[in-house]
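The chain below stands alone and is given in structure tokens; this is the form predicted alone.
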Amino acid sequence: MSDITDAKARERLIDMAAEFYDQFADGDIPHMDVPTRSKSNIVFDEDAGVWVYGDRTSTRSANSVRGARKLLKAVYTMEFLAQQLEENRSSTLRELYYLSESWDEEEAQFNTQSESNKLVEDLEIVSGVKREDFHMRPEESGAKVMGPLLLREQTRRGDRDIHCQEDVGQGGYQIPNDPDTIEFLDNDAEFVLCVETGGMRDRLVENGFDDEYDALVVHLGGQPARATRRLTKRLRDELDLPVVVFTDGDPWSYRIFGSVAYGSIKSAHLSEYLATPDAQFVGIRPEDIVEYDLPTDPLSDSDVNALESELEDPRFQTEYWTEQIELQLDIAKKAEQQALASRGLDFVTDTYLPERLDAMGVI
């Protein structure tokens, strides 16, 4: 569970605003320093086993009109979040973007949602408080869990005990925006299988893979939301379950695995909270494309650029990933998870996954 109370989160926001006043009082130009969020400023934390931001920082300063606007927007957002916490309410990132249109100072209003999203991330980093503790929610990610797990979820209508097979339909249990409101009560799971696509997730559930292998099947829903990554980490840390990731065989999907295992660049300040360093990659591997003669698509120019970038990405600089990426560049092909259906609808659950997971020592 989170150890940041609403009062503490609100206090951090007020302290940040007070720093601007102190800077004014001291005759300094108001400013806010945040870590530089780029690949070149990612360093490996040996103790935590995850990638985090390094020492390089960027300054949001009022020494220009553009910089002053950014700080103005930050102050208005701080005020909104502080009031939200005081009233024990919550809002989505999308709502924040639209809410800014009602602010009395036009210069404080956001031009795009990406601008407001990035500012919330800045406030997280500087304050040391997660956006969830500011009562900020993303839009629904749709990520779900199916498997032998009994949990208790805190809701505004009271606690609910839910079994992620017996008490849910084929769709599974939907992960809440703040998975720290979940208490694990009991489980018969042997491992966690994170799956990129909804189609493959549905195939595994329809074929009873979760039941036959006592697997917790977590649908990542593409690039996984923070709530999905947080729940995955908790399943690993608190239930001691191995975590494996099953994606398409393309550079963008490898980054999905990277965000689960190593953390993402944009949320490197939360890697210890979100990343699962010993998560393993199941596939689709470039070697699978060759071994199983899978149906493929040619690599696009953007795919090639992404693969070449990953060869320089510190999160992928291992012998395994170098070998696989170079192989993919050599064959110039990519494949989807569903390409395994070319060998039959049951191939993935009867042959591919059991053989791969057995070789990995998971089952």
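Owing to the predicted nature of the structure, the values given are computational and were not obtained by experimental measurement. Position 1 is the first residue in the sequence shown; the rest follow in order. Between two forms, the rigid core is the largest collection of C-alphas that superpose within 1.5 Å.
The same protein also has a form predicted in complex with a further copy of the same chain, omitted here; what follows describes it.
Enquirer: Between the options 85, 205, 78, 270, which residue brings a heavy atom to within 4.5 Å of a further copy of the same chain in the predicted complex?
Expert: By the 4.5 Å heavy-atom cutoff, the listed residue in contact is 205.
Enquirer: Using a 4.5 Å heavy atom cut-off, which residue among 250, 210, 133, 124 comes into contact with a further copy of the same chain in the predicted complex?
Expert: When a further copy of the same chain is considered in the predicted complex, the option within 4.5 Å is 210.
Enquirer: For the chain seen here without its partner, which of 191-199, 67-75, 283-291, 226-234 has a heavy atom within 4.5 Å of a further copy of the same chain in the predicted complex?
Expert: Only one stretch passes the 4.5 Å heavy-atom test: 191-199.
Enquirer: Even though the partner isn't displayed, in the predicted complex is residue 339 close enough to a further copy of the same chain, meaning a heavy atom within 4.5 Å?
Expert: Residue 339 belongs to the contact set for a further copy of the same chain.
Enquirer: Contact with a further copy of the same chain in the predicted complex for residue 54, defined as at least one heavy atom pair within 4.5 Å: yes or no?
Expert: Close contact is absent here: in the predicted complex, residue 54 is far from a further copy of the same chain, nothing within 4.5 Å, heavy atoms only.
Enquirer: My question is simply whether residue 146 lines the interface with a further copy of the same chain in the predicted complex - judged by any non-hydrogen atom within 4.5 Å.
Expert: Answer yes; at least one heavy atom of residue 146 falls within 4.5 Å of a further copy of the same chain in the predicted complex.
Enquirer: Does any part of residue 22 reach within 4.5 Å of a further copy of the same chain in the predicted complex? Heavy atoms only, please.
Expert: Result no; residue 22 lies far from a further copy of the same chain in the predicted complex.
Enquirer: Listed by sequence position, which residues of 286-305 have a non-hydrogen atom within 4.5 angstroms of a further copy of the same chain in the predicted complex?
Expert: Residue within 4.5 Å: 295 only.
Enquirer: Aligning on the core only, does the CA of residue 113 end up 2 angstroms or more away between the shown form and the other one?
Expert: Moves: yes, 2 Å or greater.
Enquirer: Any chance the CA of residue 152 moves 2 angstroms or more between the shown form and the other one, core superposed?
Expert: After core superposition, the C-alpha of residue 152 moves less than 2 Å between the shown form and the other one.
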